[in-house]
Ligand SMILES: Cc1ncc(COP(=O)(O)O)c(C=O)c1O
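We begin with a single chain expressed as C-alpha cells, specifically the form predicted on its own.
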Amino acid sequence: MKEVNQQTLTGERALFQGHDLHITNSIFVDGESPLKHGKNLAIDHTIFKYKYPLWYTDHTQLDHTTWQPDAHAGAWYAKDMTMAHSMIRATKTFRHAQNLHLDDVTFADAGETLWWCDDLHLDNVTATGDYFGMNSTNVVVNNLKVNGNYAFDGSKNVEVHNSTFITHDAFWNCDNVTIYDSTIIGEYLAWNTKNITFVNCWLESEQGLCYVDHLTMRNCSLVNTNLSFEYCSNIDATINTTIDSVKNPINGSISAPAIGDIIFDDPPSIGARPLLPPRRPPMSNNFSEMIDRRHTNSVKWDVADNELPMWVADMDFRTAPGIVAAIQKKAATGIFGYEEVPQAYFDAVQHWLTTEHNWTPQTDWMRFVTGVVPAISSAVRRVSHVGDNVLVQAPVYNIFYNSIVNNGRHVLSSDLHYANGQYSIDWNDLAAKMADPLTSMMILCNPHNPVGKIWTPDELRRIGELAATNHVTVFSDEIHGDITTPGKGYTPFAAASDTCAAVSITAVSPSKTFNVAALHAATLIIPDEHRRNVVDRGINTDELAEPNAFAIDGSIAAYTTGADWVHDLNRQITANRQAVTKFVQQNLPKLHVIAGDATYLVWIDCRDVTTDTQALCQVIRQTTGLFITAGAVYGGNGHDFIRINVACPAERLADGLDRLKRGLQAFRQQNN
C-alpha cells in the first residue's frame, strides 16, 4: 500500500479515487470529498476537518480517527467499512452505508446519523443526538449508549444487547426487533411497531408500548409506565414489577405481580385493530375552513360573484401558523427598510431539504432570488444565447414558454409520450434534441406540472447523462417538490448523481408549498462554481437578489416550523385527489383522471368528449361559473385535457365537481 504519513491535505478531492492507501498521522484540513470513491483504504491517527470525506468508499479501515464538526455527512454510500477507537463530533456521518462495523466509537453529536444503513454492527458505541439509526436494516448492537430522541425510528431486523437508551419515541415504526438485557428510559416507547421482543430489560416509559402488534416481554421491569399496552395485539408479556396502568389492550396475555388500573374506555370489537397513528394526530391543522377571498386583491378570486375559481396554482388554505407568527412579529417592529439575506436563511433551506428530501446541498451553492420564474428568465439570458434552443417536455407549465420566447430563444419540445393514461419520456427523441448543436439549456419540471408525475432517480440520472454528454445546462424547477402523496417523495435533480449536480441549476421555494407566493422568495442551488458565478451575475444585474421586508422571516419560519403543517396538507390534497378520481369515475365516465403523486393540480383527459377543451372550459364557466384551465396552453397533447386545482376545503371541492358535471352536460347539449 502507498504510505501517506504526516501530511496536511487541503483542497477539494485531495485524494479523489485513491486506492490501496495507508494514511496515518495526517490531517484533512479543508476541501470537500477528499477521499471520494476511494478503495482499499487504511486510515489511522488522522483528523478530518471538512465535509464529505469518505463518500462512496469501498473497503475502508479506520482506527483512532477524529472527525471535527465541519466534517459532517462524512461517509455516505460507503461499503465494507470498519471503524474503531474514534471520536466523531460531526452530524449525519453515515447514510446508505453497507456492511458497517463500529467498535469503541463516540458520536458527540449523533444527529441524523446512521440513516438507511444495512448490515450494521455496533459495539461499545456512545451516541448523543436525535434520530440515530433511522430506517436502518439488519442491525446488531452490543453495549450501545444513546442519549437522544427517536432512536432507530423505522428500522428493521434489529438485535440489541446490554445497551442503554435515554430517549423518547425510541423504536417507533420498526419491524422485527429483539432487545436483551438493556435499559430504556423515555416516553412513548416502540409505538406503531411490529414484532418486538424485550428480554431481561428495565423500562421506564410514560405511555410506552402502545399500538404494537406481536409484543413479547420476558422477565422485564416496567417502572413508572402508565397507560401502557394501548391497542396492542398479540401480547405475551411477563413483567416482574407492578404496572401502573394498562389501557385498551386488544388481545394476548400480560402477567405481573400487580396492575394499578386496567382501563377499557373504548373497547374494540374482537379481533379489531385500530389504525396506527402518526407521531402527531393527523389533520391537526384546519383544512376545512371556508375562507372568503373575494375583494382581497387575490388574482385567483378576481372573478364574478357566482364564479368558483379552480385554475391558477394558489391554495384556499391559510398558511402555516409559524409563518403568520413570524410575519406578525416582523410587522410589529414598524420598520421596513432594506433587507439582506442572513446565513440563517440558507441554513433553513438546507435543513428543510435534508429533513424532507434527504439532500444536503452546501449553503454556499445557494442564492436568494425573488421568484422562480424571474430566475428562470434570468438564467435563460445568462446560460444560453439569442437564437439558441431551450428544451422542455410538453405538456408543461406554460410560463416556461414565455421565459424562452420573450428572451429571443427558441422553444424545442421533446413531448412526453402518452399511452394508457400514463406519461413517459421518449428517450430517443430527447437524446436527439439534446444533441442538436443549438440546444444549450433544458428546463426540467420536477415534479412535473401539469401531469403530476414524480420522476424516478434513474430517469433523472439518464437526463443528467444526456445533458453532460451534450453540454446542456438543466434548470430544474422544483417548486412543487414538497407536495406529494405521503410516502411518494420526489428526488431533487441535483441529488440524483454527481453528474446531475454538475450540470444543474435547481430552484426551490416555499411559494407553492405554503401558499406564500406574495412573499417573493426562492432559492437557486448551483453546485458548479463557474455556472454559479454566471447565474449570480445575472440575478444581480436583473435585481432579483433583494428580499422584501417579510420574505426572509416568513421563509425561515416555513422551513423550520412548517413540516407538520405540510404533512397534514399532503394528506388533505391526497384525499381531494382521490375524491376527484372517484367522482369522475362514477359520474363522468367519458373523462379520465391521470394518476399523479405530485402537485395539487389534477390533469383530466377529455378526448372522449372533445379535442377542443378551450371551448369546453368556456361553456363550463358560462353555464356554471366554474373557472378551470384548458390544457392547450401547456403544449404537447394538452388540447385534449383540462387542469383543475384541488387545493381547497372538501366542501368547496364538492361544489366544483358538481359544477363540472353540470357544465359537461351543458357542453354535450350544445354540441349534439
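If you're wondering where the values come from, they're calculated on a predicted model, not measured in any experiment. Residue positions are given as counts along the sequence shown, with the first one as 1.
Missing here is the form predicted together with the ligand; even so, the following discussion is about that form.
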Next on the checklist: Whether residue 327 contacts the ligand in the model of the complex should be assessed with a 4.5 Å heavy atom distance threshold; does it?
Outcome noted: no
Item to check | Contact label in the model of the complex: residue 449 to the ligand, heavy atom within 4.5 Å | outcome: yes
Next on the checklist: I'd like to know whether residue 111 contacts the ligand in the model of the complex, with contact meaning heavy atoms within 4.5 angstroms.
Outcome noted: no
Checklist entry - Just to confirm, residue 97 within 4.5 Å of the ligand in the model of the complex by heavy atoms? => result no
Checklist entry - If you check 372, 78, 127, 380 against the ligand in the model of the complex, which one has a heavy atom within 4.5 Å? => result 372
Checklist entry - Considering 433, 409, 453, 512, which brings a non-hydrogen atom within 4.5 Å of the ligand in the model of the complex? => result 512
Checklist entry - With the partner removed from view, which of 200 to 208, 396 to 404, 420 to 428, 488 to 496 is the stretch that lies within 4.5 Å of the ligand in the model of the complex, judged by heavy atom distances? => result 396 to 404
Item to check | Interface residues of 466 to 483 toward the ligand, as seen in the model of the complex [heavy atoms, 4.5 Å] | outcome: 477, 479, 480
